[in-house]
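Given next, in structure tokens, is a single chain: the form predicted alone.
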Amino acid sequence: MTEKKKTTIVLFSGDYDKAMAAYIIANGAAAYDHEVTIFHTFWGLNALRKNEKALVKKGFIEKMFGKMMPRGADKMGLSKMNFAGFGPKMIKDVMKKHNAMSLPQLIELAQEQEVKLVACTMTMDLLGLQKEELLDNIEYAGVAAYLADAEEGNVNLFI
């Protein structure tokens, strides 16, 4: 019996296009029977934020971070040609025309394929994000847990 291949991805970026790339690679690896982990840290956590506002108690700085960061994967901007929010609308229209999956759909597919979605707890503390603000059925861990997965990884990416 051959051991299952492992792919790990650190999603650091909060850019829609970079998050899409991470999820396309993750879903492709899962389809090829890899055990896949995406470790979301810093701005990459925005891909895991729920669209709706959660009623949680926060301090002033945490509230400010919450207001400045996009709420949900579909609200993330592009890394290039964002054009004050017009760029993402254009790219989403092109994607729809070509029947490409949106980032929220890619995240849902990853969950269906049992890709391990991990939120970095240290970054959550720094940015004032709470579990109630993030998607259901994800995991929470620190860098040591990611490193344990990455150490066994055949493919390790930083996006």
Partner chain sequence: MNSVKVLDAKGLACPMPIVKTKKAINEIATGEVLEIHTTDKGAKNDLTAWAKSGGHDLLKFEEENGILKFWIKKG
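Residue numbers count along the first chain shown, from 1. Keep in mind it's a predicted model, so treat the numbers as computed, not measured.
Form predicted together with the partner chain: not shown, discussed below.
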Q. Given that the partner is absent here, does residue 45 sit within 4.5 Å of the partner chain in the model of the complex, heavy atoms only?
A. no
Q: Would you please decide whether residue 27 lies within 4.5 angstroms of the partner chain in the model of the complex, comparing each non-hydrogen atom pair?
A: yes
Q.
Can you work out whether residue 112 and the partner chain are in contact in the model of the complex, taking contact to mean some heavy atom pair no more than 4.5 Å apart?
A. yes
Q. Even though the partner chain is not shown here, does residue 61 get within 4.5 Å of it in the model of the complex, heavy atoms only?
A. no
Q: Find the only residue in 36, 118, 129, 106 having a heavy atom within 4.5 Å of the partner chain in the model of the complex.
A: 106
Q) Which listed residue (122, 31, 94, 56) meets the criterion of a heavy atom within 4.5 Å of the partner chain in the model of the complex? A) 31
Q. Using a 4.5 Å heavy atom cut-off, which stretch among 65 to 73, 45 to 53, 96 to 104, 130 to 138 contacts the partner chain in the model of the complex?
A. 96 to 104
